[in-house]
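Okay, so here's just one chain, in C-alpha cells, the form predicted on its own.
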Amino acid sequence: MAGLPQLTAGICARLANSENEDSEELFNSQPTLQLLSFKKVPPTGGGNNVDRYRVIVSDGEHFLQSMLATQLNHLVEEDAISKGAVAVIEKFTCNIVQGKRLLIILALRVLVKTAEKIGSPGSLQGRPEGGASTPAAVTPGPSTSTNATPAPPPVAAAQPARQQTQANRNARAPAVYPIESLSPYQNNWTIKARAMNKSDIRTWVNQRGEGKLFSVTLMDESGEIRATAFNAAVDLFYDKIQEGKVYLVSKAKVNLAKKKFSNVNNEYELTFERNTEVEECLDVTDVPTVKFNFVQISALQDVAKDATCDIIGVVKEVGELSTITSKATSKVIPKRELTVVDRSGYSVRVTLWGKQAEQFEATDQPVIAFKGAKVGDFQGRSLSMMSSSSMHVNPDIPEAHALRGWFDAAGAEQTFQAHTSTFTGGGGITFDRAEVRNLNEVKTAEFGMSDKPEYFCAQATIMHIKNDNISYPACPTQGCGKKVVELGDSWRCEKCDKSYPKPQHRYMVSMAVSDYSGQAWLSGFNDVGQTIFGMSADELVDIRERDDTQYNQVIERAIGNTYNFACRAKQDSYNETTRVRYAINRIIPLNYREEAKYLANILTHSDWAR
C-alpha cells in the first residue's frame, strides 16, 4: 500500500453516530476516504430525469453508504473517478433515510483515480431501538492498516428513540441542509437559500371554490427548489419574502415536483404552510446570487422547442407595449418584444409579459441576462419569459462586462442574423436562403395539393399589385383585428360587442411576383402591406380618398422591388373550383450585405473555386 494517501481513521463511525458530538467540528472536517463502489440510481419520478450515484465509502476500518450530489455526476460519467478512488471529502452532510444514516457528498478532491481496497473495512453495527451505540472518542488520524480495528464498546447511556437530524445536533444554532439533500423522508431541516423568481399573486376560481397562490425559487450552492404558498400562507409570506434576499427556511412540506408548472431542476418542491418558518439571514456567505448556464444566441437553433435556457445579450431594440386577449380566460395580457444580440452575430426576439412588459423602460441598450426563458419556434427561434423565468439588467458578472465592452466598441454598428432566417416546416415558416425554390419548381412539385398545407421560401420581385381592394375596415381594439360593419355613424365589432366612431384599416394585399423561372400570385396581410408600402393602411386609405394620382404613385413605387418570402401553399375551393393559394407568412427586405456573403460562400465552396 506504499505511496497511497492515508485515510482518516474512525471517521465512518463518527459520522454514523454524529448526534453524540459537536457537529460543527465534524462537518467542517475534510476527511480522506476511499470510494469502494458506484451504483447508478435511476430517477425516482416527478418529471426529473437526472440520475444519482450511490457510493460506498471506507476509512479503512468501516464502510458507509453515501450519495453523490448531482453536480458531481460528471466525475463518474467522465471517468474522473472510478472504483477504489481515494478522495478528500471537502464538503458533506448526513441525512437519515429509512432509519439509516446516509452521507451526502457535496464536494470532493480526487487524490487517486483508482486503487486496491485499503484495509478490511466492515459494516457498522446498527443502533438498537431506544438507544444509540457510540464509539469512544476517536482522534482522526491516518490509517493504511490491512487489519480492521475493532470498534470500542458502546457507552451505556440511553437516549430517547427519535430520528435525529442535522438541524438539532447542534444546540447553539441549527445546522443548514443543502437543498440538494432535501427529500419527503425528512421532517426537521433548515435550508439557507436566496429567493429568486418570485411570482405575482395569482388567483383561481373553479367548481371547488377559489384561492390564490404565489411561488418563489430558493437557491443555494448545491441547487435550487421551487416553493409555493397557497391562500393563508400567501398572506403570511408574500410581503415577507423579497427577491434577492437570503432566508433560513424550515418546516415546509417536501413533495414531488409538478413539472407541468415548474422548470426548476429538482425532483422535489416545497409547500409553505401556516407553521413554516421563514427568517431573513444577513450572513449571505456561500449563497450564490444566481446561477446561469448561458447559451449563445446562434446556438438556439439546437435547443429543443419548449425547453428553457439562459442567454445574455444587449437589448438592441425595444418594441412598443401591446396586448393580446387570452383565448382561455378572455383576459387582456400586456406584452412587449425585445430584440437581443450577442457576440455570435445573431439576434433573437424575447417576449415579456404582464407587469414585466409594462414596467420595462430601458432605453440605453442595457445588457440583460435572461434565466429560464422558454424557447419557441414561431417564425424561427424566439424566447418567451414565463412566471418562473427571471431577467437581470446589467448584472455584475464577467460575461456582462465583456458584452458591454464589445457592443460599445464594435457591436453597435454590426449587422446581425435573425433566427427568423432559418427554415422550419410544420406549423410555422421562416426564411432560409439555402431552402429557396424557384416559382416554377413550386408549381411543378404541386406544393399545396395535399390535405395539409406545405411551406416554401422564394426570392421574387413584385410585378403587379391589385389596388382596387387593398385593405378592410378592422376593429381598433388591440389584439382583435376583426372586420367591422358600418352602422350609421359608427362601426360595429361583433367579436368585441362594441361600436367605434371609426375603424382601423388593415392591409389585405394580392400581388403578382416573378423570378427567373415564372410568376405566381401571393396574398398577404397587414405586416406585408406595411413592409412594401412603408406606411400604415390608414395612411394609404387617406391618400386614396384625397388624391388618386398620389395613391397610384405609392402603388407604382412598390412595384419592381425584390423581397425574400416565406409562404404557405394550401388548397382552396371557390365556386366549386379547387385552386392552390400562396399566402405570405413573412416578407423580408433584402439585406444586400448578407445576400453578397451568401453568394460569396457558394462561390468559395464551388468546384469553380477549386
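By rigid core we mean the largest C-alpha set that fits within 1.5 Å across both forms. In this text, residue numbers run from 1 along the sequence as written. What you are looking at is a predicted structure, and each value in this text was computed from that prediction instead of being measured.
Just so you know, the form predicted together with the DNA exists too; it's not on screen, but the next bit is about it.
Enquirer: Using a 4.5 Å heavy atom cut-off, are 461, 519 and 582 all in contact with the DNA in the model of the complex?
Expert: The answer is no: none of the three residues contacts the partner (heavy atom, 4.5 Å cut-off).
Enquirer: Does any part of residue 342 reach within 4.5 Å of the DNA in the model of the complex? Heavy atoms only, please.
Expert: Result no; residue 342 lies far from the DNA in the model of the complex.
Enquirer: Looking at the partner-bound form in the model of the complex, is residue 206 within 4.5 Å of the DNA by any heavy atom?
Expert: Answer yes; at least one heavy atom of residue 206 falls within 4.5 Å of the DNA in the model of the complex.
Enquirer: Using a 4.5 angstroms cut-off on non-hydrogen atoms, would residue 351 count as touching the DNA in the model of the complex?
Expert: Result yes; residue 351 sits at the interface with the DNA in the model of the complex.
Enquirer: Look up in the model of the complex whether residue 180 has a non-hydrogen atom within 4.5 angstroms of the DNA, and give yes or no.
Expert: No, no contact at 4.5 Å.
Enquirer: Just give me the single entry in 91, 443, 316, 374 that has a non-hydrogen atom within 4.5 angstroms of the DNA in the model of the complex.
Expert: Partner contact (heavy atom, 4.5 Å) among the options: 374.
Enquirer: Looking at 450, 187, 326, 275, which is the one with a non-hydrogen atom within 4.5 Å of the DNA in the model of the complex?
Expert: Selected residue: 326.
Enquirer: For the chain shown here without its partner, which stretch in 364-372, 230-238, 469-477, 71-79 has non-hydrogen atoms within 4.5 angstroms of the DNA in the model of the complex?
Expert: Selected range: 230-238.
Enquirer: At 4.5 Å, heavy atom to heavy atom, what parts of 267-288 sit next to the DNA in the model of the complex? List them in sequence order, or say none.
Expert: Contacting residues: 269, 271.
Enquirer: After the core is matched up, is the C-alpha of residue 263 off by 2 Å or more between this form and the one not shown?
Expert: Yes, residue 263 moves 2 Å or more.
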